[in-house]
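Presented below, as structure tokens, is a lone chain in the form predicted alone.
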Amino acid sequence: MVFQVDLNSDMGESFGAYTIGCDSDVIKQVTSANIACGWHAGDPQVLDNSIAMAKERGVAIGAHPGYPDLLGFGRRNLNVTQDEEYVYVLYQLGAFFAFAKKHGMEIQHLKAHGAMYNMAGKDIRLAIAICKAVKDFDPQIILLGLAGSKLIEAAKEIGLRSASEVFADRAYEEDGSLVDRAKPGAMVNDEDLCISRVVRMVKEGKVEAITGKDIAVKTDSICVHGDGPQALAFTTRIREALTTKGVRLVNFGSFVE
């Protein structure tokens, strides 16, 4: 059996005089890049440069919209309506498209950021709003969402292609959701454990929840964070481990249906 998976990372989150992450190094290790659209992070210059960098490396690009919450890095829940969610995503997609078009790049996917991602993962109304915005803008764009979440359910409901995402360094609840960052054990800091979990998710379709129970998980793409101090070394290790285990690394646009 041939195993294939995508490696993605959130990028373009620097802004003005502030540098976040090590994008120029991490992009050499991934197959897809989720690039901030300027609301939770990023700015027009960073967006432009990030897409240019992805093009040079042959990395597929996706819009990474978030809530207008620069101070909270888009990780604070906002009380938004379904209509507001829709226009928030559509607005940021439009900005992203302008720069993608400039560089002659196709938009492979959209992945919501932070609170927008987590809230829509559990609230079907918000998930549908995001998916409708994507479909109305361009039905060829793939929705990248947490495996087993309402985002994947909503994409299927409205006829939008989706890719199921897992996280290398995040703990899972038994329902397949990510453990809240405010809770102990939300981050998996042991690199060896992260890597063994990733390999198992790809080859067995399972991961151990924080309770110790095995849960099923569909794995089209693995998110590796690029803003940690050991981000590059960690991403390199994951890539090498997967390759050694016979897993083919390609962007998910080449295999999701």
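Numbering starts at 1 and runs along the sequence shown. Since the structure is predicted, the reported quantities are computational estimates derived from the model, not experimental observations.
Just so it is clear, the following notes concern the form predicted in complex with a further copy of the same chain, a form of the same protein that is not shown.
Taking a 4.5 Å heavy atom cutoff to a further copy of the same chain in the model of the complex, the contact residue among 41, 61, 30, 223 is 41. Checked against a further copy of the same chain in the model of the complex, the candidates 217, 54, 26, 47 yield a single residue with a heavy atom inside 4.5 Å, and that residue is 47. Proximity to a further copy of the same chain in the model of the complex, taken as heavy atoms within 4.5 Å, picks out 71 to 79 from the listed stretches 120 to 128, 178 to 186, 154 to 162, 71 to 79.
Although a further copy of the same chain is omitted here, in the model of the complex all of 20, 37 and 84 have a heavy atom within 4.5 Å of it. Under a 4.5 angstroms non-hydrogen atom cutoff, a further copy of the same chain in the model of the complex lacks residue 234 among its neighbouring residues. The closest heavy atom approach of residue 95 to a further copy of the same chain in the model of the complex falls within 4.5 Å. Not displayed here, a further copy of the same chain is approached by residue 136 to within 4.5 Å at the level of heavy atoms in the model of the complex.
The shortest heavy atom separation between residue 10 and a further copy of the same chain in the model of the complex exceeds 4.5 Å.
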